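What follows is one chain in structure tokens, specifically the form predicted alone.
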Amino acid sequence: MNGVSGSAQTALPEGHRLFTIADEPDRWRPLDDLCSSVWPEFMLHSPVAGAHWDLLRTDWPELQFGLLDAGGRVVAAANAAPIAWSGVDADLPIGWDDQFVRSAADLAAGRRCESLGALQIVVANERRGEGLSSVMLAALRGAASGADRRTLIACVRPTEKARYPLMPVEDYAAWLRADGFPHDPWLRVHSRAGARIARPEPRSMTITGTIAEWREWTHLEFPVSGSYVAEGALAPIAIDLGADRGVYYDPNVWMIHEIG
């Protein structure tokens, strides 16, 4: 079975198959469980995701993809939602949070959505490095093409940015290899599929919690107020002991796939 990526096709591994929640709604829970299992704990506490995530299942099930292995286990997932975007970079949402909020508002208002917004693509930890992310990206490109949407937009979380948490995302996004492709492997997958970098988003997702919550999420101690680097974080967490508050801004990079 093949996933469609523009005019090219991405072959699935032997014995694997793609499905959507529209076709197989009973697979929502294992698909969602996979999504939760691959993220650092603090990334699971986005208030925007908490408010709108169930819309993916109830209103856009045809845009929620999973990949089953030969044993029937979900090993990769891709989530997306339609969005009304003018096609002008200046009109892009202010990161992942704003993208999801705008998709929900477009749905409520009944607006025509000529673009598809990728929300995440995840691969089971033990299956990383096998090209499954390209398969799922091809599925989203195919979904956009099949619905006659002109673009697939993705606020991409660079996979290796966590190794350089003090490096501004603007510099990281501009870091290229000798072959002209991005240094970051996930940005590179999008680039090779035909996407262009539109702009970095230093504050794409905002996660706020009490000091006790951040201790639980990161297993760190915070003896003084200041900036702390946690495992899996792409930028420092700002801790304010006096306010009993920690704030983390997840930096992402907007990448635009022109579909038609």
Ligand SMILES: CC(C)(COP(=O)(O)OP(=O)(O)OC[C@H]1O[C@@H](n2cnc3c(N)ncnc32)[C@H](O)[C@@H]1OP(=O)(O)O)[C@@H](O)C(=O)NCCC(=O)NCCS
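Just so we're clear, the structure is a prediction, and the values are computed from it rather than from any experiment. One-based numbering along the sequence shown.
Here the subject shifts to the form predicted together with this ligand, a form of this protein not shown in this document.
Not displayed here, this ligand is approached by residue 157 to within 4.5 Å at the level of heavy atoms in the predicted bound form. At the 4.5 Å threshold, heavy atoms of residue 186 reach this ligand in the predicted bound form. Of the heavy atoms in residue 131, some are within 4.5 Å of this ligand in the predicted bound form. Contact annotation for residue 121: at least one heavy atom lies within 4.5 Å of this ligand in the predicted bound form. The contact with this ligand in the predicted bound form, taken as any heavy atom within 4.5 Å, belongs to 192 out of 219, 192, 199, 29. With the partner omitted from this view, the residue of 211, 49, 229, 38 that lies near this ligand in the predicted bound form is 38 [heavy atom within 4.5 Å]. Partner proximity in the predicted bound form, defined as non-hydrogen atoms within 4.5 angstroms of this ligand, places exactly one of 168-176, 113-121, 137-145, 100-108 at the interface: 113-121.
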